[in-house]
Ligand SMILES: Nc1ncnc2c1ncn2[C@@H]1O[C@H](COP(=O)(O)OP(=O)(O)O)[C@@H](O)[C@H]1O
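Have a look below at one chain only, the form predicted on its own, in structure tokens format.
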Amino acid sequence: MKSVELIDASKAYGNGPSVIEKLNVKINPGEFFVLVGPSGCGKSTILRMIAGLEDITSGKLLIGGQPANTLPPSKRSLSMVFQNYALYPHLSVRENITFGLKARRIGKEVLEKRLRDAADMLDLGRYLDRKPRQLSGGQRQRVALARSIVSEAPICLMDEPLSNLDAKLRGRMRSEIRQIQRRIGTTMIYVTHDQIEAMTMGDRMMVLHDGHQQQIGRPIDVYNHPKNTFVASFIGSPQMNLTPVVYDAAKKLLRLNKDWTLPVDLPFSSRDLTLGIRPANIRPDERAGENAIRLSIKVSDVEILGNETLLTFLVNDQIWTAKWEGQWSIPGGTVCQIAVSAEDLLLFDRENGKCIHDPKRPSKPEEVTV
């Protein structure tokens, strides 16, 4: 296991602007670390910088505590699983898995043992003599993963490996990859645009936007305590409800519009803000406590998803969502009461988007131990 650290790392092409700007992150040995963000935010570029497939324009890369900016990819003690699997179509599964070992002139006995161990781990023993075209998408992904495992590299880079799979298979492969990583103890850096993958797989994650790191932390901490409106809206499904508000310090009220006001005592003067609240924190009136803030809404649409129901309604001409447990058959157009708690209200600076009020944020966020 080895650590990976980027210090003020930036990437630019030619004389153009930086596509990665002053990245600072340390990935601990044996950690499952996820890079997550929308398409084009720089996730794959960072992975290629770590792998040595892209030069770092400025800043430092440390692998195992040692400078690695100028090391060739073959000297960086890592393996990589690509989005398109990158299997040789004319070679069998066996030959694809052991291709790198043969190139490194690994002895036959060692090669066969690593092949057997990886095939058993990933249930590929029956397919070793097949060609990639004879495999399903999930089986091809396991072959690509096996090729990485047999290398026994202390660092594994994975670039959106599940994006070509259907939803059911993605769910199963998420669990399999996580279990394998724990079993072999490798340091894994995983790129995805899917925030569900990031939330369920990572020990920690880094949220990226337009080449800038937005927040680093445990998935549950990033979800519960977003540092800005981008993180708040990107992490979580359905996404956090956000709307402009004005805080009236004299009357201690948050004014959403002429009909909606929320009595809240905040430690700052009157100002323009953005209010955020998770859909799961908007509750039915009858299931809220005595101190809850109650409001009337007109339901626009209802989606019953089995064990939960999504209600949509308008706030300041913006679509908001409430997520209620159970099955609620409420016709569209119905006026009903909802309730929110003051401690669930997040407030962001309207100009820079930074979170300035988070009642539940711990004074010392809990760190993950790997």
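The numbering used is simple: start at 1 and walk along the sequence shown. Everything numeric in this text was worked out from a predicted model, so none of it was measured.
The following text describes the form predicted together with the ligand, which does not appear among the structures shown.
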Test of understanding: in the model of the complex, would residue 340 fall inside 4.5 Å of the ligand by heavy atoms? no
Taking 4.5 angstroms as the cut-off for heavy atoms, does residue 41 touch the ligand in the model of the complex? yes
In the model of the complex, residue 321 touching the ligand (heavy atom, 4.5 Å): no
Just to confirm, residue 25 within 4.5 Å of the ligand in the model of the complex by heavy atoms? no
Mind checking whether each of 13, 19 and 45 has a heavy atom within 4.5 Å of the ligand in the model of the complex? yes
One stretch from 302-310, 32-40, 61-69, 324-332 that, in the model of the complex, holds residues within 4.5 Å of the ligand by heavy atom: 32-40
